[in-house]
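Only one chain comes next, encoded as structure tokens, the form predicted alone.
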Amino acid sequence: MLEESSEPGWLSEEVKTGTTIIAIEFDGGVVLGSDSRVSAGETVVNRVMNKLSLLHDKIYCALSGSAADAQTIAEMVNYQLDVHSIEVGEDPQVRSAATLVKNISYKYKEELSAHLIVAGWDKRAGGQVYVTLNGLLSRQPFAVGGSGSSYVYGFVDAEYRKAMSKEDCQQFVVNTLSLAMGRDGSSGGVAYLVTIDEKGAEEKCILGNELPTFYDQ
């Protein structure tokens, strides 16, 4: 007769960001946002993880999937971009960062379980948002990802407008995250925002009790 393990089940579960991530372009920059909950199975193992990872001074990525895999990809790209910027003597392009993420994701698609949205600003093309998944590289005006994204596709499709201001984009991101965190059990905690433009990156954390509420909350 097999002995039952006395260890809690979550110790053998893969740690996943099980998340909601979003990025959107505005005239002159981008806004990225994410929730902060990290889970292993049905257990929340971290309530305040920042899933917006710095790739370079004006380039960030939003992480989803396996926390370890996503962080590893981000760290590899961060290192390669630092070396690249020293070699060429200028800041890297956002598309270059997204291409690196795409190449790593495709090369190790059988071993890694992660989806990264890459966004940032460069002097050649301004604010840009790229989705990368299993070899895909596509620039989009906005992108959502993670387990909470399926709850908010209707909202973002209905609320998105072309040529939104920076402030409108920030509110759009906050509203989307708040709705997803209210519906998706794997999303929650606080909301992290990063706004990137020609001047640099500005990070912000919005506590759960400061997030907007909607009719059913």
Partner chain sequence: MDSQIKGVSTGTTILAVTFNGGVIIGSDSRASIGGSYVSSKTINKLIQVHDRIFCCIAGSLADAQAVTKAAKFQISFHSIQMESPPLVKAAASVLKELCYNNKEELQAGFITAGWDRKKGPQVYTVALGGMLLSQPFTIGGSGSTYIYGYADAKYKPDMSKEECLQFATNALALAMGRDNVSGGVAHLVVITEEGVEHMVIPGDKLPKFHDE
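Everything quoted here is computed from the prediction, not taken from an experiment. Positions refer to the first chain, counted from 1.
In what follows, reference is made to the form predicted together with the partner chain, a form of this protein that is not presented.
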Is residue 150 a contact residue for the partner chain in the predicted complex, using a 4.5 Å heavy atom cut-off?
-> yes
Is residue 142 close enough to the partner chain in the predicted complex to count, meaning some heavy atom within 4.5 Å?
-> yes
Proximity of residue 52 to the partner chain in the predicted complex, heavy atoms at 4.5 Å | no
Proximity of residue 183 to the partner chain in the predicted complex, heavy atoms at 4.5 Å | yes
Answer with one of 157, 42, 167, 27: the residue that has a non-hydrogen atom within 4.5 Å of the partner chain in the predicted complex.
-> 157
Would you point out which of 185 to 193, 158 to 166, 58 to 66, 33 to 41 contains residues with a non-hydrogen atom within 4.5 Å of the partner chain in the predicted complex?
-> 158 to 166
Are there residues in 26 to 43 with a heavy atom within 4.5 Å of the partner chain in the predicted complex, and which are they, in order?
-> none
